[in-house]
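Listed next as structure tokens is one chain, alone, in the form predicted on its own.
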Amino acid sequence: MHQANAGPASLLLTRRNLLLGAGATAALSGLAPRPAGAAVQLDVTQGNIQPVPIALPDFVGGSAPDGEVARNVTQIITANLRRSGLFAPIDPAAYIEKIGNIDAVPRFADWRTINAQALVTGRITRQTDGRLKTEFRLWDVFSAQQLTGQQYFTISDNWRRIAHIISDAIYERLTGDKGYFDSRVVFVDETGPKERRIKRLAIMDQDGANVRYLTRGDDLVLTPRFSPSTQEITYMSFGQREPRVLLLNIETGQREAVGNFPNMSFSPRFSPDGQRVIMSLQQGSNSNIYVMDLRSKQTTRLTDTAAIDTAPSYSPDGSSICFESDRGGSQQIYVTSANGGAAKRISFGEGSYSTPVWSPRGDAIAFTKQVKGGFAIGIMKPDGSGERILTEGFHNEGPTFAPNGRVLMFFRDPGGNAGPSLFTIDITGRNEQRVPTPGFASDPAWSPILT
């Protein structure tokens, strides 16, 4: 049995420390897991998805304080699943059965009556050492079988993270895709009047909760990006001197410059193995793509043109990069080997293309497209085929993929005295939603799933 770390670095709790084994709840009570061929399964590859009706009665709490935590956990799971657009949580007022004991088999006929296809039951109890034990079960209502069951032990401060992990387990079991709820987003928080906007780096849970500021606003900051470890970010800082690319450890606050470059450096991004940072360096009126090995500090030039090459992004296997360049007369997307060499243009639609980013799944590249003053967020296959616009509006920019590659986050600035806000949209072009932030927000970057 693993114990959760009760020290101040609770954000670093790993899933291994939290999880006591898939199916552990089922084993404790002798309830059967799902057999092959049970009824509930979402096909998320289809563009027009009918959300699955799912019932999520409040988790059972062992005491009054635990009951409040149990209700909060249930609310977060419900909100996560609803926001995904793939699930339709049923109004609790319609429930017939009251769940008081999750070790008992539910009365499936009562849940079929209200058209629930899936049912989630759970319980939270406080242990003698103060930790919370959280259990849940996911049921297929029509086949009357349990799909999965898990239990977790953690310090009480981590109940919100447990809710995200359970959301991921439900999402994965019913869709076949990995979830994305147990993840974070780093972004640029913007406050103050437009002509004197203060920009700070901030980090939050993917649902907008637990906002924490990483810089004080003394310097202008842009384009934060996560390392694969989720504990470090790279970003641009405009201080008193030339713009610099910095590395920042999210947990310790330690920061360092990637290197000392005589000219402007911008649009940094980590390699998939976290050992390198790729960026653009300006030289006179043009810029080229460079990569720096973080261990040796050796810098390698990948492109060599008289144009502006910028915004590089690695493929998830690290073999290729995409970037934007005006070498053909307008901003377009190109793909080349991660070691440099000849680049192939892949964007050929009307207008200009910018801010390309490779999907974690490897099957798509997202981009910002500008045509006649209008801005759109879209995706295309890595060879340039299958271009699809997901959302249009003024001024959309800066797409970033959720760790499962199924959702994009971007920012929209309506202009005037207003400021930018964050939005998410499914890669099918459905379910656009605003992400709550304390103030204006731009330049989002989604972390990998926390480990």
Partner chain sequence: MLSLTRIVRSAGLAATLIAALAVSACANKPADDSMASAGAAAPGSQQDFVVNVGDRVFFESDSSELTPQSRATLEKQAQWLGLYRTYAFTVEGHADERGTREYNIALGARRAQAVRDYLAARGVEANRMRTVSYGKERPVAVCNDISCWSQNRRSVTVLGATS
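Computed from a prediction, not measured in an experiment: that's the story for all the values here. Positions refer to the first chain, counted from 1.
Keep in mind that the form predicted in complex with the partner chain is not shown, yet the notes after this line are about it.
- Contact annotation: T148 falls outside 4.5 Å of the partner chain in the predicted complex, judged by heavy atom distances.
- Though the partner is left out of this view, S442 does reach within 4.5 Å of the partner chain in the predicted complex, counting heavy atoms only.
- In the predicted complex, the partner chain sits within 4.5 Å of a heavy atom of R197.
- Contact annotation for E397: at least one heavy atom lies within 4.5 Å of the partner chain in the predicted complex.
- For the options V371, V211, A307, A338, the one in contact with the partner chain in the predicted complex, meaning a heavy atom within 4.5 Å, is A307.
- Residue-level contacts in the predicted complex: of N115, N101, N260, S285, one residue has a heavy atom within 4.5 Å of the partner chain, and it is S285.
- Contact check for R225, F238 and S354: all three have a heavy atom within 4.5 Å of the partner chain in the predicted complex.
- Only one of 363-371, 90-98, 226-234, 339-347 places residue heavy atoms within 4.5 angstroms of the partner chain in the predicted complex, namely 363-371.
- Contact residues in stretch 397-435 (any heavy atom within 4.5 Å of the partner chain, taken in the predicted complex) are E397, F411, P414, G415, G416, N417.
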